[in-house]
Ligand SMILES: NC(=O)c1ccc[n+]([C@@H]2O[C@H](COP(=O)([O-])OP(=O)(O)OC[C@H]3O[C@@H](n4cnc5c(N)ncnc54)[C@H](OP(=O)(O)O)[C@@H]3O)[C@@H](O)[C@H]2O)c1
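The data below hold one chain only, encoded as structure tokens and taken in the form predicted on its own.
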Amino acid sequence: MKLATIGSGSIVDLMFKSIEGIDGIEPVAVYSRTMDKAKAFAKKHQVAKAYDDLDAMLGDSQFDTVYIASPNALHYPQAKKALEAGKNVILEKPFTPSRKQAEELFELAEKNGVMIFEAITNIHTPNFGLLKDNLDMAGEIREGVLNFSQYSSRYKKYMDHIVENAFDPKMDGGALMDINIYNIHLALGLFGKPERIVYLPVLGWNGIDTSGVLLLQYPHMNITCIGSKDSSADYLATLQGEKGTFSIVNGSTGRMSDVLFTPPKREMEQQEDLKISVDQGLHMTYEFMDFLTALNENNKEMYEAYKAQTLLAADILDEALAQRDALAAAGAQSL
């Protein structure tokens, strides 16, 4: 994989660090909106080429794959350009805000003989695999709570009516798109398609969801996904079963750093948590290893599985955003 990047935020820094030990991935070029920033970023990561013209970069034949980590609203148009240029695409979450746009990108990839992946880390980690393989330890899962609540450094400005991307509906901001998407993918990866979804957002003054609770209802089971940019909590996910409970440290953030199983607490019995996870190191490493395998082996089975989950997540975003916007239009109380 010869790789170019779009974006110069902290997530791209982590990506570069994560791929250092992967044989077969070579960073070739970086893009940023200004040449000064692009050159500085290229120098920082020892990449030969720097661009501030996206069309010019996509015309470069020296790389085959583009990693896109730009603001949410730019994901779709930039991915579309890259696919039209015949490049494979690794697209940061959220993939797109709608099923229609997601389908268009997958169709465009097929037309041009390339692949496009959503960079959602949790479902690629070894600890996710260990959790999924051992779910039956808990018996029938009845309730799950997945919580990614992280107070945004931009929230105070927002409350002063200074709107940046994170709280701008036109830039696909908000807690659902920016944070709760991790919880959605964790739930889908473990349990598949829910029967019913309900989104209960806390609406800001411009109709954006500064936080929200997304209920995914399955037969005999509820999964509650909490995403917040206006408050904070431990990054903990729990899955409560008839025979015990799983606790997933950093599960909702995508890191899946630790998974513990607790048997039912019984009076006068000493019960110990059972660790079923391993030390993974950098969590982003595993998605890039999987994408490299899918590309090098032209593994259609892997690709179709990732595609199916991305489209299912897009369906949930479609419905949840429609519920949010309907509440805003009806004049629901806002901050």
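Note that residue numbering begins at 1 and tracks the sequence as displayed. Being a predicted model, the structure only gives us computed values, none of them experimental.
One more form of this protein should be noted, the form predicted in complex with this ligand, which is absent from this view; the next part is about it.
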Using heavy atoms only and a 4.5 Å cut-off, determine which of 241, 71, 97, 207 is in contact with this ligand in the model of the complex. 71
Out of 213, 85, 135, 171, which one falls within 4.5 Å of this ligand in the model of the complex, going by heavy atoms? 171
Even though the partner isn't displayed, in the model of the complex is residue 158 close enough to this ligand, meaning a heavy atom within 4.5 Å? no
Residue 37 versus this ligand, in the model of the complex: is there a non-hydrogen atom within 4.5 Å? yes
4.5 Å heavy atom contact, residue 11 to this ligand in the model of the complex: yes
When the contact criterion is heavy atoms within 4.5 Å, does residue 165 count as touching this ligand in the model of the complex? yes
Quick one: find which of 189-197, 89-97, 125-133, 107-115 has residues within 4.5 Å of this ligand in the model of the complex by heavy atom distance. 89-97
Do all of 59, 81 and 306 end up near this ligand in the model of the complex, with near meaning a heavy atom within 4.5 Å? no
